[in-house]
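Shown here is one chain on its own, the form predicted alone, set out as structure tokens.
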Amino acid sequence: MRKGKLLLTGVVVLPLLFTMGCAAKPKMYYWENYSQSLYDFKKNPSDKTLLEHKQALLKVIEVSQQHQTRVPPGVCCEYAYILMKEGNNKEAMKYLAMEEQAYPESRPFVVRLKNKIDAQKK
């Protein structure tokens, strides 16, 4: 009977410990309400939802920098793309450089966007 009780305790305690260990792990990235703002913009594209999504992207970048963590992958690039579409190429280049510095593997994509900006200048 004692062996059965020990087995039952292990079945209950081990998953609980595993879950607690996972819950204590800090988050790798700060996302704010990125998913919701992107969903809202895609579902109802308007100047208002675009502005809200831009604000969410900027907040993700700012808070990540304040906490001295990496900005989530693609966030700087997405923000730069929106700036580029608005004609704010100088600011877009700044965010593309941030993306490339944080994620060197994104260089081919970033270079294509930089080339588009250069083509717009001509």
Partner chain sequence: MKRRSVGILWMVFFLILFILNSCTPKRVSKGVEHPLIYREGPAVILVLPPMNRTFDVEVKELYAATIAEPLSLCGYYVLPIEVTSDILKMEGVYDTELLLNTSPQKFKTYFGADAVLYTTIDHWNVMDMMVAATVEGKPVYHSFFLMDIQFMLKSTSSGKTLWKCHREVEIDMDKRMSFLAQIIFAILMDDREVFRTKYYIDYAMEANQIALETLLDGKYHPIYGMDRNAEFVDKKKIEK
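Residue numbers count along the first chain shown, from 1. Everything quoted here is computed from the prediction, not taken from an experiment.
Below, we turn to the form predicted in complex with the partner chain, even though it does not appear here.
Undergrad: So in the predicted bound form, does M98 come within 4.5 Å of the partner chain, heavy atom to heavy atom?
TA: It does not: once the partner chain is placed as it appears in the predicted bound form, M98 has no heavy atom within 4.5 Å of it.
Undergrad: At 4.5 Å between heavy atoms, is L38 in contact with the partner chain in the predicted bound form?
TA: It does: once the partner chain is placed as it appears in the predicted bound form, L38 has a heavy atom within 4.5 Å of it.
Undergrad: Given that the partner chain is not shown alongside this chain, does A56 nevertheless sit within 4.5 Å of it in the predicted bound form, heavy atom to heavy atom?
TA: Result no; A56 lies far from the partner chain in the predicted bound form.
Undergrad: Would C77 count as a contact of the partner chain in the predicted bound form, using a 4.5 angstroms cut-off between non-hydrogen atoms?
TA: Heavy-atom contact with the partner chain at 4.5 Å: present for C77.
Undergrad: Quick one: name the residues from 97-111 with any non-hydrogen atom within 4.5 angstroms of the partner chain in the predicted bound form.
TA: Heavy-atom contacts to the partner chain in the predicted bound form: E99, A102, Y103, P104, E105, S106, P108, F109.
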